[in-house]
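Heads up, the chain below is alone and in the form predicted alone; it's given as structure tokens.
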Amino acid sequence: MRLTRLLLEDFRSYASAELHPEPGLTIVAGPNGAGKTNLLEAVFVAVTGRSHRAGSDAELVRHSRPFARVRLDLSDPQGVTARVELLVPAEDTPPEIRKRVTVNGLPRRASAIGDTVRVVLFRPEEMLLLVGAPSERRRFMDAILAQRHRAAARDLAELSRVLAQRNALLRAIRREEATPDGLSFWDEQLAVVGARVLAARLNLVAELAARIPALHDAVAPADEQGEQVRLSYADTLKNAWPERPAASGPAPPPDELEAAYRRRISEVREKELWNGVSLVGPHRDDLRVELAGREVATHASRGQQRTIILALKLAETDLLGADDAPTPIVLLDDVFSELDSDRSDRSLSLLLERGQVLVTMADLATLPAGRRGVTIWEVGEGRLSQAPRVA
């Protein structure tokens, strides 16, 4: 599905806005702070149900307005159309105005929107994906899982709930306001749900690992091609999972992972009681990336790191569009300012081969030279308007 029209009402800086993206590349240009990113955020929130920027949904609503509305009009090459609409209430809105998302007028859960439309977001912050905190790499994996599989989205939400409850109990035990007896229930919940999340991530890493070498060489300059990139999953089970495979591969049976979690949770019991926090689980895991057998974060150049990150985002695009799923809309938020011209041109060409791309830019000079003549939309003072094509 491609986006044919984006409508905004009282979303962030926009009282109203209407964007008609091209089937291929669309550029949204304007100075920093003008509201370019708000447009991409609107698409992302409507598809995923969450913002990558806001601390709360109420932040998405224009000041003093009761709610914000985002509408996506979509169509596919066979002429099938769809309309996704999101309504987000302000903080003090009456209770009858609730957050809701609809597809063709029918209420849907956010986890079900991926059956209609999917999205890949690439922000400048993701240039630090490989050297940033492990939470960034977990977020990268989980964002793919949540859009691909409803069950995975539910498991990730359930894992957050289990951890919140278990950590609250651990803190209460540390303060001597509760006894350890109640932990057994939450231990089992963590083992069962954690095993499902771990299995989903292991399968995802195996799929990414199979795609990364070819995509890396497609983006890399000639002197970086052929370098061996290896992905592996770093879990917190340690010796409690002696059956762990030596290399990235499909996940083992769930009972094997559940048993490993039970053993590891038992091993760290005293340490968890002392710290008042859960020390074992998918929330502590990481995605390890190596280049020629060495950790990318510490041994790869900045250019090499960026090539691998581009390959990861291309792999994300491919996986989200696999198995007859909707081809994802790719949102690039001012990333060309962070890339050299060669990587920019190659990565944009590869993305356009895969579908529709929306790009924000503060400086049109960073647009790859071969992409002149595309449609430009300008943002300024809360208004969006189509500009003459760049020659």
Partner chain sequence: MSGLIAPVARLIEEFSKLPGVGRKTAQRLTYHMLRAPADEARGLASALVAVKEEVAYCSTCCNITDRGVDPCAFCADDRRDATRICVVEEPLDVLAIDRTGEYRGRYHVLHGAISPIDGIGPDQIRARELVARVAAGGVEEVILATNPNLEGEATAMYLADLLAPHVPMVSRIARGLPVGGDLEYADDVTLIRSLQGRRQVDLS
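Model, not experiment: these values are computed from the prediction. Residue numbers count along the first chain shown, from 1.
Beyond what is shown, the protein has a form predicted in complex with the partner chain; the following relates to that form.
Using a 4.5 angstroms threshold between heavy atoms, residue 189 counts as touching the partner chain in the predicted complex. The closest heavy atom approach of residue 168 to the partner chain in the predicted complex falls within 4.5 Å.
Residue contact with the partner chain in the predicted complex: residue 255 places no heavy atom within 4.5 Å of it. Contact between residue 222 and the partner chain in the predicted complex is not found at the 4.5 Å heavy atom cutoff. Using a 4.5 Å cut-off to the partner chain in the predicted complex, each of 151, 154 and 161 places a heavy atom inside that distance. This chain lacks the partner; the member of 98, 109, 294, 271 within 4.5 angstroms of the partner chain in the predicted complex by a non-hydrogen atom is 109. Site annotation in the predicted complex: the residue of 94, 242, 250, 105 reaching within 4.5 Å of the partner chain with a heavy atom is 94. Of the candidate stretches 308-316, 224-232, 180-188, 123-131, only 180-188 contains residues with a heavy atom within 4.5 Å of the partner chain in the predicted complex.
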